[in-house]
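Only one chain is shown below, in structure tokens, and it's the form predicted on its own.
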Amino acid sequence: MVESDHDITLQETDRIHGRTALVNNVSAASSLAGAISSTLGPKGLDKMLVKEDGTAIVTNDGVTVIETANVEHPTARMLIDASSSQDRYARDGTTTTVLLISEMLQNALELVRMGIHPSVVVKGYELSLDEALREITRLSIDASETQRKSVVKTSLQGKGDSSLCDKIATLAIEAADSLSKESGNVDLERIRVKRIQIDEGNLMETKLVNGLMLLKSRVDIASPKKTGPGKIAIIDGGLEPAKLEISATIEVGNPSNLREFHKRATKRFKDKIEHLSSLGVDLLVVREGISDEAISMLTDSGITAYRRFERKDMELLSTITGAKPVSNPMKLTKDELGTFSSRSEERIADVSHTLIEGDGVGMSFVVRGSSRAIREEAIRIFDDALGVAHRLNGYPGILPGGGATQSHLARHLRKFSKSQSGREQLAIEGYASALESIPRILSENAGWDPVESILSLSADQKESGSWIGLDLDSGGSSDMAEKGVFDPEFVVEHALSGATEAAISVLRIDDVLWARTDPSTPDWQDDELED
């Protein structure tokens, strides 16, 4: 018997195709979802992530869990990418995205086993998403000024102590309000707010300060510790002798030549500093180094100097003060100077900290705490809170939390499915069932009976309206507007869109080809993430 051409072509490749490929992909997605499902909601539990070096992270943030875990399965990586995209765009809803993808795939697999082609399921899911997004627009309302804090606090539920989350929510809204009139991309809050840790005090002493705070001390302690308003110059380079780009040896035969060489170098420094002084510079920030000889000249000229800045700090300082970084001090003009309103330096936890304030928008989030792990978790909480608060200024639509939105959409889609004449209506039913996984898992994590909670919630919504959601404290249902439990509209929309897109991408795969790169064939089952 002659071996077929395609068998010869794929002889160095392992192949999994048809329903087997779908089963393996769904299994990988379910394993990943199972690893983070217990973190969902205000009653969710934390995960401890132990790194190779033995350090541990304790977090409730779903995207942190799955991005830190060592996951190699290609389908699981697709889910992680979807969750990361949700985090970049909305800063919330990352766990929800993964859970929805898993449920959609599991329901799709059941339909395929019933004999429904994956393309039909894909069409049904696309119809479901379009109708769900239309219904979300009808259900949402614009957040009032008093509801904004409740929206941010809802996004933080389960991520930390309630008093800490309340404080961080307040700071996040304060920072978002400062950024509201600024032009820039959606990630503006990442670059306009510096995060800084102080190994002293407790978390409740965490604060937000206007200006740039740095772990820096002035180069000469003889210069003033504090100064009022003044002019600032930023040098994107250094004030030190130029270094040769190639290795070279200079042989000096006459000591007078060496003195002349040193005199010329000193004059160059003096000319630069006199130029800065003539422009009225009070504060000098240099990205690289400042030579010892230049330091004394700067102090004598009444200029306080700082050196060795990270580029991102230099750029934030430029925004705060309006100073334009230049590489050559001799080419600096008055138009390129900025203004600062105050500069102060103090020692905190035996480390010098400098705060520079100006008229531009720029802030520092100063987090205190007893351990690095606690401080880093507080920063992650603040990042989520600020991301939601900042985006809420541009997209003020809000929806009921507590699983109310997903329960309402599930009921609505089941009615919508009856308008379809083909098998797509079964896929729409499966999509609706996937949406109900969110209130189900919320109930499970709170210790209540999930089936009873979903049935009771659906009945209460029919009677009292779509803003009725789960009250996870009592196990019953309540009006989410009265409880102050809200989900941002942009979070829910992006989570649905991202989850549907990822689920459809997996459903379209009917052949997985794995190239053999070593003598052993990889075991797909071993690649799944264990809960």
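All values reported here derive from a predicted model rather than from experimental measurement. We number the residues from 1 along the sequence you see.
The form predicted together with a small molecule is left out here; the points below concern that form.
Inset, instruction - Please pick, from Ala305, Ile438, Ala82, Ala389, the one residue with any non-hydrogen atom lying within 4.5 angstroms of the small molecule in the predicted bound form. - result: Only one option qualifies, and that one is Ile438.
Inset, instruction - Please pick, from Val65, Ile57, Ile504, Leu40, the one residue with any non-hydrogen atom lying within 4.5 angstroms of the small molecule in the predicted bound form. - result: By the 4.5 Å heavy-atom cutoff, the listed residue in contact is Leu40.
Legend entry - Output flag, Asp92, Leu442 and Asp487 jointly within 4.5 Å of the small molecule in the predicted bound form, heavy atom basis: Judged in the predicted bound form, Asp92, Leu442 and Asp487 all sit within 4.5 Å of the small molecule.
Inset, instruction - Although the small molecule is absent from this view, report whether Thr96 comes within 4.5 Å of it in the predicted bound form, heavy atoms only. - result: Yes, Thr96 is a contact residue.
Inset, instruction - Answer yes if any heavy atom of Gly430 is within 4.5 Å of a heavy atom of the small molecule in the predicted bound form; otherwise answer no. - result: Gly430: no contact with the small molecule in the predicted bound form.
Inset, instruction - Give a yes or no for Leu496: in the predicted bound form, does one of its heavy atoms lie within 4.5 Å of a heavy atom belonging to the small molecule? - result: Judged by the heavy-atom cut-off of 4.5 Å, Leu496 is well away from the small molecule in the predicted bound form.
Inset, instruction - Decide whether Leu32 counts as a contact residue for the small molecule in the predicted bound form under a heavy atom distance cut-off of 4.5 Å. - result: No, no contact at 4.5 Å.
Inset, instruction - Just one of 40 to 48, 458 to 466, 496 to 504, 22 to 30 has residues with a heavy atom within 4.5 Å of the small molecule in the predicted bound form, so point it out. - result: After filtering at 4.5 Å, what remains is 40 to 48.
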